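Coming up is one lone chain in structure tokens, specifically the form predicted alone.
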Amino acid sequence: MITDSLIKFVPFSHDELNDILSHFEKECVQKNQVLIKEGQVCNKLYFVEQGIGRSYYLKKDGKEVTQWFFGVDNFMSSADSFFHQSPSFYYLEILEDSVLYSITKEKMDILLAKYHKMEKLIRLLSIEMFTKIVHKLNAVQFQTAKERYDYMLAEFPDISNRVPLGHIASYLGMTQETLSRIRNNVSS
């Protein structure tokens, strides 16, 4: 739940939480809906209460490359686009029927100006995400295909049953054939 995730990082008071949550909007989003396309400015930050999403980009040949998955209790956005209000390099797509809470950049700025604790929250969330991105880069650059697969399962334990293999393979920087071989070896 969003309140649990917020207070996990910062000890907001009951009144602060109520005010903060009043700036979010609950959205029920259907599978395969694209929230933002490359080149658009991302005007919302999403919190995933139920479901899963991904960010991806298109290569020149039109092939999709998954950059990140966003599961339950995670914030989802094209962060650079949201915070800088610049065109996004990525698409944001919902991969299964989901329940999201969204906040606009304008409302986030109001909360950031009103509560010093919100600035702390954004800083701590940014550090957490930065650390996860560094771990993913290290995995892609320095680990074997099997080690990358194990890393992904540690980060997203039930993803194999919820996301198409092509998305997983592109996230891990490998072909679907390699991914299938790894999965077959794990289950044998």
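Only a predicted model underlies this, so the values are computations on that prediction, with no experimental measurement involved. Don't overthink the numbering: it's just position in the shown sequence, from 1.
The protein also exists as the form predicted in complex with the DNA; that form is not presented, and the subsequent description refers to it.
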**OP:** Consider the chain as shown here, without its partner, and state which of A145, I133, I159, L124 has a heavy atom within 4.5 Å of the DNA in the predicted bound form.
**Re:** A145
Original post:
Can any non-hydrogen atom of P11 be found within 4.5 angstroms of the DNA in the predicted bound form?
Top reply: no
Subject >> Contact of D15 with the DNA in the predicted bound form (heavy atom, 4.5 Å) >> reply: no
Subject >> Any non-hydrogen atom of L21 within 4.5 angstroms of the DNA in the predicted bound form >> reply: no
**OP:** Classify E177 as contacting or not contacting the DNA in the predicted bound form by the rule of any non-hydrogen atom within 4.5 angstroms, answering yes or no.
**Re:** yes
